[in-house]
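The form predicted on its own is given below as one chain in structure tokens.
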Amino acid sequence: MATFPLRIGTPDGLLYEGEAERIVCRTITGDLAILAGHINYCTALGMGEAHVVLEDGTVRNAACIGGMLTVIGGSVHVLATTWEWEENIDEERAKEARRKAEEMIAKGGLSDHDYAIVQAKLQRALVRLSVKQ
């Protein structure tokens, strides 16, 4: 299968640079798959699972929490707010974050602002746990 140059980074640094056959990410409007030959494109990333198929067929899974994806001249660049490869996700920490968020929601009494923050924390924990499955 044809490949394209892919760079994945966060504000903390470059996480991957090399050839890929496919990348699938959650955007703010739904899931998106990029293959070689994709037209120039730019989108905001949402919160969800990401999958990268490397040129040797290896699939790497990650949790992606926001950012931008661009395709320019056949090269794909991902600048994620948070990008955690499956092997780097601390499952126990994610379970604890989920438990705390669920507990705070069940307890109630949160302002709209605090509720939105707790919901976002819960969603991040669920994405991380989903990647680990």
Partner chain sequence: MASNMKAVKLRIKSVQSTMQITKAMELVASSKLRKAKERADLCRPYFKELYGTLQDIAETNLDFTSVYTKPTESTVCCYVVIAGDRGLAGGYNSNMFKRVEEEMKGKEYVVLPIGKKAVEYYKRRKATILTESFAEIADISVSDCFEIANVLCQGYRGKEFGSIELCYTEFVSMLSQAPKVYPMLPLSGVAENGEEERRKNRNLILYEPDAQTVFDAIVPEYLAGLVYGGVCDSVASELAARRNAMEAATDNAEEMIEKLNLHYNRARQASITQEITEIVGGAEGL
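Being a predicted model, the structure only gives us computed values, none of them experimental. Numbering follows the first chain given and starts at 1.
One more form of this protein exists, namely the form predicted together with the partner chain; it is left out here, but the text below deals with it.
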Establish, in the model of the complex, whether Gly67, His77 and Ala80 all lie within 4.5 Å of the partner chain, using non-hydrogen atoms for the distance. yes
Stretch in contact, per heavy atom within 4.5 angstroms of the partner chain in the model of the complex, of 103-111, 52-60, 89-97, 33-41: 33-41
Residue-level question: is Arg7 within 4.5 Å of the partner chain in the model of the complex, judged on heavy atoms? yes
Taking the partner chain in the model of the complex, which residues of 1-22 have any heavy atom within 4.5 Å of it? Arg7, Gly9, Thr10, Pro11, Asp12, Gly13, Leu14
